[in-house]
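Take a look at this single chain in structure tokens; it is the form predicted alone.
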Amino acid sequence: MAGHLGKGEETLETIVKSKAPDLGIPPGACVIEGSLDPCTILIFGASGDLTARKLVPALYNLYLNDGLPKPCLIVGCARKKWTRSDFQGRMENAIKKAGNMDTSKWPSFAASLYFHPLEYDSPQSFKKLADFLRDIDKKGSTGGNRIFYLAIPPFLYKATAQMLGRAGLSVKSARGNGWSRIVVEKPFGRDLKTAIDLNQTLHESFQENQIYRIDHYLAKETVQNMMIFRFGNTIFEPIWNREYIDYVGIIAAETLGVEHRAGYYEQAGVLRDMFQNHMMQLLALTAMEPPSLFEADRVRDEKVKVFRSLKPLANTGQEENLILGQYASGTIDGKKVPGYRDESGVNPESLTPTFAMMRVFIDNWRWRGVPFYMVSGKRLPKKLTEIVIQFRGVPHSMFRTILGEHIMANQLILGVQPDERITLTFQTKNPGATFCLRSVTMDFNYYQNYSGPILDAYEKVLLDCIQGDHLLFWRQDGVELCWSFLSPILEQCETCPERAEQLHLYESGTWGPQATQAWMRQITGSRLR
């Protein structure tokens, strides 16, 4: 761990250096354990941005690191009348555009790519798809194992799931010939009612253990290591409670605006886009009790207990615990950027929030009275996701005659992105004859002294889908409990007569509305100025 200090702090020399040798870890090591079932991966929405930017590059990188089963066929499905070679060519361009990938093995990977035109509302089209899959299953020896990835607009989720069931492509209909899994991207509904409706439709054809609700935040290294950090180290878990922790801050900041997603974002806003999924998962991992075993359902059981324990904002004064904002024009990285209402596709009088700061409380023994501040917004000065654990100050300052009453309390920061790292700030004495206090920081980077393959979030969740591991995915009860908490907030925010007055404009390139600055200073101190 090396000293890594903010402005105005002194450097602490290396405390501990890893003695582990560079083992020259080969491709595939630390990617999979054992063998994987051969399978076919179908991507619905194969002509879309998600497929080209995330999914196919992720699958290709897994291939480069021996992280895909053998054989593994990939079938793109979309309304486009592309040929197989059209699809292969477009995906090759996407890989080249990524710019940082070895393309020497692309021809052998491309041989596993197929394309099948599809109409999402046509039973006949899905019947043809079933026939096509049976044909390539025989040629590729995949045993009828299939993953259906819904990289399509949310309004098509229900129809696509129903059509898959009616075409005999779910396990329930296929009579046990191979396994079948369906992957659903967020959003999982837009409120509690639509989330329940979506789940009921999915369960018409697929059982819960076949459904994979993706939240790619959960696949980031720091997020995964949260449980290891808390429950695998004796020194932290005993103080992870209301007796020692003053407050917790969870921040997810973006420099980007709405970009090309105006149609979706106008209907969603920051609460649906970030809080119902990413922020709630980070909250649960920070606050959950230790599961009895590191298994998917045991872990998700403990997350559900956190969601059940959330104190409704209606009971604590919503206006005191929620501040909403919308970005106006400003400057990001030295460039002028438009306000949200000036973005293409946005209503010029839009009241859609692009920023929210929410203070929530968890009503249980461990966390009673500890505030959790959750902050997320667009067009902020820095792309940053982190969890701040602010410990309480010392109960009595024996140094007050020398240093005064105030001694800075310890702070633990778990960086999720862009830097995946853990930092711990504590107090020590300056060298020299005088008794002067200084804050120093121990810093750990997850990739320090590691030479093996690095998987991004989509690569990790795709691999888990292939392995049938639900640990990093939402379960139905968790989705519905989070909507139960957020739906009353959304209803009040979107129907109250004072909605326009309660939406605070903030300049792009700043840390949100003026009304949040006191909270932001409390959460971050001077680090984000």
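All figures in this text were calculated on a predicted structure; none of them were measured in a lab. We number the residues from 1 along the sequence you see.
Another form exists, predicted together with ligand BG6; not displayed. Remarks below refer to it.
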Handout entry: Stretch in contact in the model of the complex with ligand BG6, which is absent here, among 359 to 367, 266 to 274, 328 to 336, 407 to 415 (heavy atoms within 4.5 Å)
Key = 266 to 274
Exercise for the section: Could you tell me which one of K311, R213, R421, K220 places a heavy atom within 4.5 Å of ligand BG6 in the model of the complex? Expected result: K220
Fill in the blank from the handout: From R134, R261, R298, R79: within 4.5 Å of ligand BG6 in the model of the complex by heavy atoms is R261
Practice task
Would you please decide whether E254 lies within 4.5 angstroms of ligand BG6 in the model of the complex, comparing each non-hydrogen atom pair?
Solution key: yes
Exercise for the section: Using a 4.5 Å heavy atom cut-off, state whether K186 contacts ligand BG6 in the model of the complex. Expected result: yes
Handout entry: Heavy atom of K105 within 4.5 Å of ligand BG6 in the model of the complex
Key = no
Exercise for the section: Verify the contact flag for K383: yes if a non-hydrogen atom of it lies within 4.5 Å of a non-hydrogen atom of ligand BG6 in the model of the complex, no if not. Expected result: yes
